[in-house]
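There is one chain below, alone, in structure tokens, taken in the form predicted alone.
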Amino acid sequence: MIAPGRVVAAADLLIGGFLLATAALFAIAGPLAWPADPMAGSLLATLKAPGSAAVGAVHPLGTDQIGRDLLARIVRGTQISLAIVLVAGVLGAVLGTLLGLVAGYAGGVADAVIMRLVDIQLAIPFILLILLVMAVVGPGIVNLVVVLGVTGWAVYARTARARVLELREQEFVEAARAIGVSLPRMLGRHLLPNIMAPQIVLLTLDFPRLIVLEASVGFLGLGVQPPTPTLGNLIGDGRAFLLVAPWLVLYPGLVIAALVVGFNLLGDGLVRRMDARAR
């Protein structure tokens, strides 16, 4: 008999994977299927409703306030937003995992310092910290990636440290220590592979937070600057026309919702599957 937890995990993985695969296909194949220029506008085609034709072209999702094709802009915005989130997530995961490895294995002063930094990081609201840093260093793709990545390392560090504290008392670690294995080899060869699975699951669960943060920063105008589109600044630009052109906010919002739900379901499915295997 199949356990209910496995069924739910399989359903979560299937639905989440489908949503994310659809979003990835939309971002990758979108420019091939719809090669319209996302930057080119026409004052003769401003605020056209979805499906309207203007200036000799059909606009499936309508146009914005200066006549740019919304579908092309959402495709480009999805590409940029996903790239920012993926790179920032990996940056935070790598930084936090390395610091967690060092803290858990070395202990002592190193552990105390790193854990106090974790406490300080987690005590500050992420969105306020990101907005403050972006206001100081200025908007831009590189700055946004670095800020999102650096402000997200603390959870990975705490999780990695907890796992390493368990592993460092295991016999295989004691044996490696006894034969004089160097610290880099101990961390990279013996400890890191044993904590990768929970860290990957944690990264999957952290992507929705990064998507919302990136969209929030873009919405407030502190992220990637127009005319370069992202999902967040598309909604920010369209809010002034919400009553006359709701599609400017609706369609980017649906893409954000699909990404957030997809990553959440994928992460929940991985967690349930790991729990089922542990039992």
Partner chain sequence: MIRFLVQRLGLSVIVLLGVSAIVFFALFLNGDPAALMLPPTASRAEIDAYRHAMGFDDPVLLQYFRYLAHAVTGDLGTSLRFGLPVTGLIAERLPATALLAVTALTWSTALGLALGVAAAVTRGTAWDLLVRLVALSGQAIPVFWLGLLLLLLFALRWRMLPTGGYGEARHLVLPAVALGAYYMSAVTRLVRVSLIEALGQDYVRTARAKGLSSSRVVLRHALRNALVPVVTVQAMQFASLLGGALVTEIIFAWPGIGRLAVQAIQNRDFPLVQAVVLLSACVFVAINLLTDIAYAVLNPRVRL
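Note that the structure is predicted; figures quoted are calculated from it, not measured. Residue numbers count along the first chain shown, from 1.
Quick note: we don't show the form predicted in complex with the partner chain, though the next part is all about it.
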- Message: Just checking whether residue 125 would be counted as a contact of the partner chain in the predicted complex - the rule being heavy atoms within 4.5 angstroms.
- Response: yes
- Using heavy atoms and a 4.5 Å limit, would one call residue 189 a contact residue for the partner chain in the predicted complex? no
- Query: Heavy atom to heavy atom, is residue 26 within 4.5 Å of the partner chain in the predicted complex?
  - Reply: no
- Query: So, in the predicted complex, is residue 136 in contact with the partner chain at a 4.5 angstroms heavy atom limit?
  - Reply: yes
- Item | Option touching the partner chain, based on a heavy atom within 4.5 Å in the predicted complex, out of 50, 226, 30, 253 | 253
- Query: Of the options 58, 66, 39, 212, which one has a non-hydrogen atom that comes within 4.5 Å of the partner chain in the predicted complex?
  - Reply: 212
- Message: For the interface check, one of 112 to 120, 72 to 80, 168 to 176, 94 to 102 should have non-hydrogen atoms within 4.5 Å of the partner chain in the predicted complex; which one?
- Response: 112 to 120
- Item | Partner contacts for 177 to 202, taking the partner chain in the predicted complex and a 4.5 Å heavy atom cut-off | none
